[in-house]
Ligand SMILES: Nc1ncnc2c1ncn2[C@@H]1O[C@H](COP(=O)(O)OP(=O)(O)OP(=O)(O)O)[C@@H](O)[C@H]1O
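Only one chain is shown below, in structure tokens, and it's the form predicted on its own.
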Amino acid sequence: MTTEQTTSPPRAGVGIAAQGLSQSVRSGRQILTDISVSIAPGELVAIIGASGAGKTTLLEILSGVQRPVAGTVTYDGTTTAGTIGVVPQDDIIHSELPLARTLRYAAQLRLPSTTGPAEISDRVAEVLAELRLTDRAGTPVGLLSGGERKRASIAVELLTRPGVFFLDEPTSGLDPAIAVELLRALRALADTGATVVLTTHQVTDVDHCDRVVVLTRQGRLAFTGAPAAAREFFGLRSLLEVHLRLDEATQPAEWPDRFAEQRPAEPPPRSTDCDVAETSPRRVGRLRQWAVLSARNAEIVVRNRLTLAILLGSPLMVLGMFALLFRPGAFEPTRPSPTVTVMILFWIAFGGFFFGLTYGLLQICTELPILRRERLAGVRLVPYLLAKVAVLLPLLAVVDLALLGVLRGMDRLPPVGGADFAALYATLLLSSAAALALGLLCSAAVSDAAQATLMLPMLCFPQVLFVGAILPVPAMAVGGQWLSYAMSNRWAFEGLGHTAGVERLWRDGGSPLGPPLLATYGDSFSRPVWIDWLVLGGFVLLFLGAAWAVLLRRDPRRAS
């Protein structure tokens, strides 16, 4: 990055006033106690303190991500801010996409729906130039250097020209030279009028700032003011030893009490001559969000060739095993094999369930931090979930059709006509859709891919044992019969059996095993198939609704 400045239009900086902020956790432990700070528009402010001092908590309260148990935060005298940029500590943007494409999708999700493609392209180019990233526009985010990824994360928020930026540990893990370059970029943002507030462990970062906020290990305010005044207050030539000076205090409240006695009355943050940002963030419509998120999901899948190969290759491998496992002619009307037909139908149903479950199980947990960030930018949960379905369900449709088509061509399915084959396909696709929704629900409930992977056998075993293939539902214990109603795979299995005509095949096929086996299944295959479709569709809606509720509960603003 060079040091020459890029001409940028002035921003409407936002003044922040926090009064008496306190925060605690459910156990009752106090994280912050009576914090009052005033930040003027266009200031670059650093929050420092030892680990556990509450720096990130204070930042999240100032940005509106958390709500304090006591105290208030106002922005230019109001309790609602305009467009706010929040940059978490981790580089939480999709690594598969080129930088310019990442910013383009972010702009489509953040800028008003009336913003045209040309205007979006100009805005992306402007932000890239402002952060000296133009020559990296075509580089996938995962191949950027650490400092470049930090700037890319800032660029996402810069698209809407917010009046205030909040950054959590932006220089963490960076080489000193790269950290200095990043701070120069933040300094340039503040010089254009934006208010910039950051937390840092690197006390040397304070030298680039207009104001420093010092917290004690107990979450008390030890000082707020200019860095030079902080050095004078603590009696230090450099703030590198400020944590040691705080720890040397004989009483935890010694420095906070000393500062409270000497603290001059601070005027409220002045307003700039620029127009103040809107009082509520502009939100893109649900349909546009769904379209943008769907397009982005599809591009991520296509660009990640390994993931695409797994999504399409694993069903092909399962199909090959089915072809080797099932002998042809099991559904021959003159000499059927009832026990083989029931296993073929069950494993086809389970194959559709397994494909859908594995497709959905890693979709949300691997990008929860990205979702949290985009929720703060106004992304809604319904378009987010439906965008996952819009990309994955067509893939499942192709896989399910290939599964049935190949098995039918190899004489592993009954010789049904076009209408019955369509009914088999509809049943299998609905089974996959229900499993996909279940996978999305479980993915929303866990925190990482390892937990999701551990859930896979727990979700699959009941769908094997309580479906009615190994042991017919009427032959189960009462508890097992009731549990079978909650197994989406049961309704797929029975729907496939009805369409395949197993009742007639077992009863009239001439096999001595047919009638006794049919008797153990009772009326499992006698229902019209549309009832099974209705139940499977209900599972889809139930699981998607539950996934929405889980994600809503995990929303950082709601949780606080």
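Here the structure is a predicted model, which means the values were calculated and not measured. Numbering starts at 1 and follows the sequence shown.
The protein also exists as the form predicted together with the named molecule; that form is not presented, and the subsequent description refers to it.
| said: Can you work out whether A70 and the named molecule are in contact in the predicted complex, taking contact to mean some heavy atom pair no more than 4.5 Å apart? | reply: Result no; A70 lies far from the named molecule in the predicted complex.
| 4.5 angstroms heavy atom contact with the named molecule in the predicted complex for P516 | So P516 does not count as contacting the named molecule.
| query | Can any non-hydrogen atom of G54 be found within 4.5 angstroms of the named molecule in the predicted complex? | reply | Answer yes; at least one heavy atom of G54 falls within 4.5 Å of the named molecule in the predicted complex.
| query | Wondering, does H201 line up within 4.5 Å of the named molecule in the predicted complex on heavy atoms? | reply | Within the cut-off, so yes.
| request: Choose from 44-52, 517-525, 494-502, 530-538 the stretch whose residues reach within 4.5 Å of the named molecule in the predicted complex, heavy atoms counted. | output: Only one stretch qualifies here: 44-52.
| said: I have V25, I31 and E169 flagged as a candidate spot, so tell me whether each of them has a non-hydrogen atom within 4.5 Å of the named molecule in the predicted complex. | reply: Contact check passed for all of V25, I31 and E169.
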